[in-house]
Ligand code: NAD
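Next up is one chain by itself, shown in structure tokens, the form predicted alone.
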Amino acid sequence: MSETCDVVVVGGGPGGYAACLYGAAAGLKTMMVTVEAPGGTCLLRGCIPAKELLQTAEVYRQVRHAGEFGIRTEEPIIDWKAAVLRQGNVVDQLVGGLSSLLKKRKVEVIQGYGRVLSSGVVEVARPSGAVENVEADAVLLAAGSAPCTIPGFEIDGERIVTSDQALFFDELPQRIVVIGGGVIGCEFATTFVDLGVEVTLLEAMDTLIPGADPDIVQVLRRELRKRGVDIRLGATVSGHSVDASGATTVAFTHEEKQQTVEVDKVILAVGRKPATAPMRLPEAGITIDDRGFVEVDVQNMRTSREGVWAVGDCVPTPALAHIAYAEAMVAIRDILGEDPRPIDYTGVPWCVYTHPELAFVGLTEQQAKDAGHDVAVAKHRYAGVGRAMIIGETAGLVKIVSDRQTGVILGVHLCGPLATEQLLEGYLSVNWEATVGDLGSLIHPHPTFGEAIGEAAMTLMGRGLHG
């Protein structure tokens, strides 16, 4: 049996479903081959369920501190089963909405494992065991990613879990170790410490969130420690053991000392890897690197095989859902022959949903200096922002990095309340090559968090009001 279409997309995550929807909107007959429901890691066991639990933790934290606002309450109790049920309902609603949209756009969704046989031909292995081929003018790979593991910590789904599995505990643990202090690890640390869990965070490097500006990372590190997270930087884990009661002891080296910590759960948050191995891409003439990423021309997302494109977590670009969306649109436009505008990866927005949140775009202060700029920097703290004081969230700052000679904004870095929602102004400023004068001359409504961005820009103009 063989089916035909204009574009067959292998993978149902953000890159895959964005390609299908964008292609269908442009009039292409599009098919999606996916093992699971549309949505991929992001929707089914990543971004969405993780942020839903973060919201649960935030509500719990707010209720516990309601007395500061003159609201008397009893000590709140966490109903973990209800929290997980709500998480599932949110995911189900979004999956249902996405499935309906794909159907409305007449995208055919085929359940099964997809493998490229040649240009324009994808083999689909159905769950029933049946195998069929799909033929298309273009093939787009959106294979996604899977959690990385490390020696000495075999995943059992109970005591030792991946970041995918940590979102679906049957019961809320009392003590956890998070191995890895990147974005995923810090978000888990935030979630569980705010739910009253004893959290130890082990990171092999000397900083949290590698790649973020040190000034905003320092704020996050301080606030996590204030709330009880035991952060060990430069810590190297060596293995674990389990006693008769089921408690897990993690061994690690920190400051040249052998140490241990006893916990109920170990969450591995040590990064993700492309999920390309089962597809046997080299057999189809598609080049992958030694890490398993599909090599592409980022100008158009073409692979080494004519007629095959790749996007999202399976290519060596920032592993962000919104990057996958953007890459999907570049690929579809190239398929349509529209000469797409390539993505400037130095100007992509990054959002970290910790408490406080981190959000940044463009160059850090050090990166700007390394690039040869005469750098000017301004910071404005939320401690003096009226809206932040009103909601009781004053930790954090805005940092703007600019070129002293031209005034062009090179980077905007935020740590504070709803920083991820404020980043858009910084994103536009960096990508439109705005100057501090352009930004500082804009009216920022009062009282808002965004006033901190305006204040930082005016400081760089030499005429700050409150800085």
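Numbers for residues come from their place in the sequence shown, where the first is 1. None of the values given here were measured: they were computed from a predicted structure.
The same protein also exists as the form predicted together with the ligand; that form is not shown, yet it is the one meant from here on.
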With a 4.5 Å heavy atom cut-off to the ligand in the predicted bound form, the contacting stretch among 388 to 396, 184 to 192, 169 to 177, 221 to 229 is 184 to 192
Exercise for review: Flag this candidate site as yes only if 202, 270 and 351 all have a heavy atom within 4.5 Å of the ligand in the predicted bound form; otherwise mark no.
Suggested key: yes
The one option of 320, 275, 98, 109 with any heavy atom within 4.5 Å of the ligand in the predicted bound form is 320
The one residue among 282, 210, 127, 88 placing a heavy atom within 4.5 Å of the ligand in the predicted bound form is 210
Using 4.5 Å between non-hydrogen atoms, is residue 29 touching the ligand in the predicted bound form?
no
Query raised in the report: Does residue 266 reach the ligand in the predicted bound form, with heavy atoms at most 4.5 Å apart?
Result: no
Quick one: is residue 150 in contact with the ligand in the predicted bound form, heavy atoms, 4.5 Å cut-off?
-> yes
| query | Should residue 61 be classed as touching the ligand in the predicted bound form when contacts are defined as heavy atoms within 4.5 Å? | reply | no
